[in-house]
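Before any questions on how it binds or moves, here is one chain, the form predicted alone, in C-alpha cells.
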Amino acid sequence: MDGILALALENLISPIILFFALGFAAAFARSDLSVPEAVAKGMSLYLLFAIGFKGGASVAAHGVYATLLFSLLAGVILSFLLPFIAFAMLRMLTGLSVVDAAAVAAHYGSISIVTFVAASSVLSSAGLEFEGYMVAVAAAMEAPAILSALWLVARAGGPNGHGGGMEPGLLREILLNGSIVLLVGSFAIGAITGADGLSRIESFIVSPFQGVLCLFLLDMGLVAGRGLRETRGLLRPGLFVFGVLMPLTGAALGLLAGLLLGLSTGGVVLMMTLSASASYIAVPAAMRVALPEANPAIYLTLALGITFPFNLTLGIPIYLAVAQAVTGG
C-alpha cells in the first residue's frame, strides 16, 4: 500500500497531471482560459502520430512474432467482453435505460489513447520498457466495443422497441475514424522505415512530446471540468461508483491477459491501462450515429469527467504497482 501511495504522489506532482489539474480547476472557477479548437486538434494529431510511429519503429527493431498476434487477439476479445460487464454493472448500480447503459458500456470497452500515452510516459520516466506493438493493440481495441453495445440494444428490442442493428455504413465510419487511421498509419510507416526513419524525425517526435502532452492535458482538464460542472445533476452516486469501479475491473482483466501473454512489466501495465480506460473520441462519434437516443451528457461526463481523471491520478500508479508486484519487475 505504501508503494502505491508513493507512486500516486509521484504521479500527482508530475507536469502532465498538474497541467490537467490546472485546466480542471480553471474550468470550475469559470476562468476564460481556453485552448483554440484547431490547436487542440493539432496536438491530438501530433500525439497519435508520435506514439504510433515510435511503436512501429520498435516493432521493426524487434520483429513480428506470435506474442504480437496473440496480444492483438486478446485486445479484441477484451474490447468485445468489457461492454457486457459494464452494462451489467450499470443496470445494477444505476437506473439508466438500456440505450444509455449500452452507450456508456461501449465507451468502457473501447480505449482512451491519451490515457495510454500518459501511462507510456510514466513508464518511460520510471525506466521501464514495454512492447512497441501495444500501440497496435490500442488501435485494435477501438471498435469492437461499439458492436457489443449495438448487440445489447438489439437484444433488448432496439432503442424504440422495434428491433435494432448496425446502421449501413457505420462499420466503415468506425474503422475510418481519423484517430484510428492516423494511429495505424503511423504505426505502419514506423514499422516500414524502422530505426532509420525514427532517427530522421526524432527531434520532432521525441523531445517535444512531453511538452505537447502537457498542453493537451491542460485542454482535457478544461473540457472535463466544464462537463462535470454543467452535468452535476445527472450524475447520481451509482454513476460515480461505476466510474471508478469499472476501470478497476477492466484493469484486473487486463492484468490477467498480460500475464497469460507473458508481457513485460511495462506491457502488462499498458494492457491494464487500455482495459481500464474509456473512450471519449471515437466512441462518442459512433454513438451519435448509431444510438442518437442516448444522452451524451452522461457517457461523455462519465468517461472524461470521472474515469479519465481517476486513471491519470490514481489508476496508473495502482496498475504500475500491482504489475511490478505480480511480475517482480
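All figures in this text were calculated on a predicted structure; none of them were measured in a lab. Numbering starts at 1 and runs along the sequence shown.
Separately, the form predicted in complex with another copy of the chain exists; it is not shown, and the next lines address it.
Proximity to another copy of the chain in the predicted complex, taken as a non-hydrogen atom within 4.5 angstroms, holds for one residue of L261, A60, L68, A26, which is A26. Of the listed positions (L235, L248, I85, I189), a single one reaches within 4.5 angstroms of another copy of the chain by any non-hydrogen atom in the predicted complex, namely I189. Here the chain stands alone, but in the predicted complex its contact with another copy of the chain, taken as any heavy atom within 4.5 Å, falls in 194-202 among 133-141, 194-202, 249-257, 73-81. By the criterion of a heavy atom within 4.5 Å, L176 is counted among the residues contacting another copy of the chain in the predicted complex. For V212, a non-hydrogen atom is located within 4.5 Å of another copy of the chain in the predicted complex, even though that partner is not displayed. Taking the partner from elsewhere, S14 is found to have a heavy atom lying within 4.5 Å of another copy of the chain in the predicted complex. For L314, no non-hydrogen atom is located within 4.5 Å of another copy of the chain in the predicted complex, even though that partner is not displayed. If you take 17-35 and check each residue for a heavy atom within 4.5 Å of another copy of the chain in the predicted complex, you get L18, F19, L22, A26, A29, R30, S31, D32, L33, S34, V35, in sequence order.
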